[in-house]
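Let's start with one chain on its own, the form predicted on its own, as structure tokens.
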């Protein structure tokens, strides 16, 4: 289980997160939706400590810590329990697709090259990229790069995978292949927290959907509750605007 309580984050005079509470149960997929600038990506980065929260408490499975207690050791433990899939892929350009998956296994988890190879081959096959395992990122499409990034995250066997707008950098015709891979991962009951602007996808894949606005979670519920009968006027306004723009077909 992942639990965050009272998370606050300020950048100079801008309070981006204003006391966020959120729980993600083991095996759940939770989507974060909301306008750009509402704090969604910052919240993800605070969970895996790419950004250091100013206040609040975070629990990731067996690890619990207060924002005031964060040090190098806590940061390392938090990152071993999480994996991030970035919107810009974050692949090493000088390594093949397979080597990108193997790198963290060797460097972070201290696997032997043989162990990392076995794991890497398994996960590259799971995302349908085994035929491209020896290709470098410059030879891959955006959708293929993102599938490799997802395989890399899965291979680390984290307690939770954090997806930061995983389709926002893709051409429209490539979005579907990445969404299909994420749906497959969700069906395997991998714990996931997804920042997305794909409204129909969030509705289809999620156990819970949380709507963020101005650094706070204003409303959270099942997809049926939040999309079918939102309680907050701000949520209704957002959905009325965005549901006209985004379509996703399973």
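Numbering follows the first chain given and starts at 1. Quick caveat: nothing in here was measured; it's all calculated off a predicted structure.
Below, we turn to the form predicted in complex with a small molecule, even though it does not appear here.
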With heavy atoms only and a cut-off of 4.5 Å, decide whether residue 24 touches the small molecule in the predicted bound form. no
Would residue 197 sit within 4.5 Å of the small molecule in the predicted bound form, counting heavy atoms only? yes
Can you work out whether residue 229 and the small molecule are in contact in the predicted bound form, taking contact to mean some heavy atom pair no more than 4.5 Å apart? no
Classify residue 177 as contacting or not contacting the small molecule in the predicted bound form by the rule of any non-hydrogen atom within 4.5 angstroms, answering yes or no. no
Heavy atom distance at most 4.5 Å to the small molecule in the predicted bound form, all of 137, 141 and 144: no
Specify the contacting stretch among 177 to 185, 36 to 44, 201 to 209, 220 to 228, defined as having any heavy atom within 4.5 Å of the small molecule in the predicted bound form. 36 to 44
